[in-house]
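A single chain comes next, written as structure tokens; it is the form predicted alone.
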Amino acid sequence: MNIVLDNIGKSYKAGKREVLALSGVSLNVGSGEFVSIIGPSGCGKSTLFKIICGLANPDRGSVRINGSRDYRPGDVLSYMPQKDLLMPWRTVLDNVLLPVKIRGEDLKKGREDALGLFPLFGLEGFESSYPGELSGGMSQRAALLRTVLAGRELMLLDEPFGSLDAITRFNMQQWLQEIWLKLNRTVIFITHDVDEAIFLSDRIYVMSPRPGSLRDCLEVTIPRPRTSSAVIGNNFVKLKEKLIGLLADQLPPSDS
């Protein structure tokens, strides 16, 4: 599953003003790649996801998935927003089965598929639990399991670990890498965390402040699977320095 964004532009109304959110964004993600998008708040990262998902239309440019502009988002991609959005009155199993139920697919098979993945997602034994009984990391794993069960080759993950503490977040990054290596899905990942982008990605796109455009694309050649020792390696440190430099160049000048 590959995706190409070609010269995407998007404006929106803010009161009486027209705000240019995206300007000339072009990127491509190859089948089976893990690509991150990083940039300052308000640069249009989430707007890009909305356009890919069909929740917003670009003013200019096009999105092609497997070479076609005429794709049905629900048939080719799954989207995980920043919050887990688990329904508190449903059990974990019922929550993760929602995509299967919504599409009217074979619920028995969906249940079997879900139960088979619970151990891989670290949720075995919690099938009948409710979201309020889960830790933050477990809730995010349940939300990602729901995204995986949608059965789509392209997954859009919008800062899924942003609300977690540092230790849980790194554990989740290691776990997500393991899941991605096993499932071989194409992933586009939004994050504000430089370390997270490097640890998880094959390539990293760096966006400018609004109006969002692409400043650079960095290759991450650190061998996989990546362990905790990767974050102190020379390649990691050099990439981090370059990314921070690109992002720092975009900050407004200090008044001091």
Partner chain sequence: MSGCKGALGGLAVFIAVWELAVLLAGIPKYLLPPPSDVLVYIVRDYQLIILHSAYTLAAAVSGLLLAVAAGLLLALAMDYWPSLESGLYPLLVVSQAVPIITLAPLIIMWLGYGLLPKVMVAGLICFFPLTVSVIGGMRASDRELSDLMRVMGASRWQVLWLARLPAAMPAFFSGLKISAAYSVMGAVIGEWLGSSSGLGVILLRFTHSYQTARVLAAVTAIVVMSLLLFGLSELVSRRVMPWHHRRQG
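Positions refer to the first chain, counted from 1. From a predicted model like this one, the values you see are computed outputs, not experimental measurements.
Unshown form predicted in complex with its partner chain; subsequent notes refer to it.
- Stretch-level contact analysis of 90 to 98, 115 to 123, 161 to 169, 177 to 185 against its partner chain in the model of the complex, using heavy atoms and a 4.5 Å limit, identifies 90 to 98.
- Interface residue remark: residue 141 is not counted as part of the site for its partner chain in the model of the complex, having no heavy atom within 4.5 Å.
- Although the partner is absent from this view, residue 107 stays clear of its partner chain in the model of the complex, with no non-hydrogen atom inside 4.5 angstroms.
- A residue is said to contact a partner when one of its heavy atoms sits within 4.5 Å of a partner heavy atom; residue 136 fails this definition for its partner chain in the model of the complex, lying far away.
- Its partner chain is not shown here, but in the model of the complex it comes within 4.5 Å of a heavy atom of residue 74.
- Taking its partner chain as positioned in the model of the complex, the only residue of 37 to 54 that brings a heavy atom within 4.5 Å of it is 53.
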